[in-house]
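Only one chain comes next, encoded as structure tokens, the form predicted on its own.
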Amino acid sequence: MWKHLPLWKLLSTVELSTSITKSKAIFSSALNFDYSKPHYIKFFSSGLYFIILFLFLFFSDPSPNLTFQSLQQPKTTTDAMALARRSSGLLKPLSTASSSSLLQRRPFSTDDTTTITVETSVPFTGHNCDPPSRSVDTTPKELMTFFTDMAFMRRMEIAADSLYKSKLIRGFCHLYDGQEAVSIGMEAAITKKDCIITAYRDHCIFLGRGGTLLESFAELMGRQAGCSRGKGGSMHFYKKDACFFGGHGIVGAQVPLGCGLAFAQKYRKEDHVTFTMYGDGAANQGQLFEALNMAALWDLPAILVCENNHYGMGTAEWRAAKSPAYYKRGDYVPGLKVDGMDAFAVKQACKFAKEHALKNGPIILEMDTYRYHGHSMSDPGSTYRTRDEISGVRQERDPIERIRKLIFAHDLATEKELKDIEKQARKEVDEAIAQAKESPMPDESELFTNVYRKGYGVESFGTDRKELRATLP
């Protein structure tokens, strides 16, 4: 097999020792060197061998087919691409082989639509349904987008931690770092016409729906430039134009609302679905089962997504639920257990769920995920679990590191280029925070807006309704 490799490849792989031994035999027979002579003769002969080999490489035609069997042509387009990748830029000066030209020498471009097939980390587990395939198609562009988006989400949440500790963010604040793959994979499988409604861990869901860093930080700090005009705070992000309906602070209360959105979609005969997200801590709520029952009766396009990060506040799932297999909780409703730390597993599951819901009605997805921070910023997150557990998940299952390894495996970017993306995320987050700080606080009159439907509830009367007490703006 070594004969079919380009010469430069022989010098840069683990087969180096074997290749040199065989190459020595070739040059030895031509130059009559005897490798059984004393050591200094061996040294001289070996040095001469490397000089001759270097000159041969330097003055040879650096074409993709420069091998020991140079007349052999690549059999397929894939082989030709691989050979071109190996040989391109080989004999160029070091200055032209800098990091700025690395992407040009790879088989894929980040703008390319070349199909790459990856396999999910673990198999799907189905309940009353046949699980989808573990093989997922992606592209170089999607891989790089996944990494970039998750890097920005991670940096935003880390910055929110600092802002909260500096008392620039008040009230409750629930961070999403560790769970980014759920948002990223879900968005890759659906459109902005599909609805999403979630609980209070909503910052990254909003960002995935197309929200901006400025809107996020301004809302967190209660400023007018926020996505909810500074009146919602951390738990009430909202983006109606992208069908993101919040951010809800009451545990489990968003599930009936999500089924209501699905009802509206079916009533209007729309070809869209609603993803209703909740945590394992809300999985025992009675209203969840009531809403699911109605969704099943009416075959609503509702997808219930349980983000199981294994701790409801400070309570481990096994202490709160007799049956923590949440994907089976629907009984008569099909379910699927998914590795929520694998963006491609989430993508495949959400695509499968959307197709199912449009034809057959509701389905439950249990996303097996993990949060690195505590339940909220008031929770250190280390009293009910060990630090070793947290670091172990970071090392073995981190969603960003998984994508990083795939990018390296397919030679799409260098370590330096990915570090540059993370530096850019830090820079843009810092700039957004600075802009958010300049945004003013909401006017006092905003206390009375968005409470009632426009035109209603603007007049305040006494108990006898005879005396007009106040007119609201």
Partner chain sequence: MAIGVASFNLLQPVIGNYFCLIDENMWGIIRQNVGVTGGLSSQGLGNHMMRLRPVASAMRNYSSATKEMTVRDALNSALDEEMAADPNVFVMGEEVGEYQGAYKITKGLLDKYGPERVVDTPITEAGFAGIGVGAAYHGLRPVIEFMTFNFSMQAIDHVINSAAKSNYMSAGQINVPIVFRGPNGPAAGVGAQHSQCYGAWYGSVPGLKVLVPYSSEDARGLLKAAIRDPDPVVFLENELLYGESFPVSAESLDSSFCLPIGKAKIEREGKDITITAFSKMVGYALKAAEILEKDGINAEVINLRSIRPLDRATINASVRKTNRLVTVEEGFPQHGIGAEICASVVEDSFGYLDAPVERIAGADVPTPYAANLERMAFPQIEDIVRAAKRACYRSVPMSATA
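Positions refer to the first chain, counted from 1. Every value quoted in this text rests on a predicted model; they were computed, and no experiment measured them.
The protein also exists as the form predicted together with the partner chain; that form is not presented, and the subsequent description refers to it.
Q: Please determine whether Arg229 contacts the partner chain in the predicted bound form, using a 4.5 Å cut-off between heavy atoms.
A: Judged by the heavy-atom cut-off of 4.5 Å, Arg229 is in contact with the partner chain in the predicted bound form.
Q: Do Ile250 and the partner chain share at least one heavy atom pair within 4.5 Å in the predicted bound form?
A: Looking in the predicted bound form, residue contacts with the partner chain include Ile250, since a heavy atom lies within 4.5 Å.
Q: Using a 4.5 angstroms cut-off on non-hydrogen atoms, would Asp411 count as touching the partner chain in the predicted bound form?
A: Contact with the partner chain, no.
Q: Under a 4.5 Å heavy atom criterion, is Leu261 part of the interface with the partner chain in the predicted bound form?
A: Leu261 belongs to the contact set for the partner chain.
Q: Report whether all of Phe124, Met144 and Asn308 sit within 4.5 Å of the partner chain in the predicted bound form, measuring from non-hydrogen atoms.
A: Looking in the predicted bound form, the three residues Phe124, Met144 and Asn308 all stay beyond 4.5 Å of the partner chain (heavy atoms).
Q: Any idea which of 268-276, 151-159, 335-343, 364-372 reaches within 4.5 Å of the partner chain in the predicted bound form, heavy atoms considered?
A: Every other range fails; the passing one is 268-276.
Q: Please tell me which of Arg387, Lys240, Lys359, Lys322 lies within 4.5 Å of the partner chain in the predicted bound form, judged by heavy atoms.
A: Selected option: Lys240.
Q: Name the single residue among Glu401, Glu290, Asp379, Asp137 that comes within 4.5 Å of the partner chain in the predicted bound form, judging by heavy atoms.
A: Here the answer is residue option Glu290.
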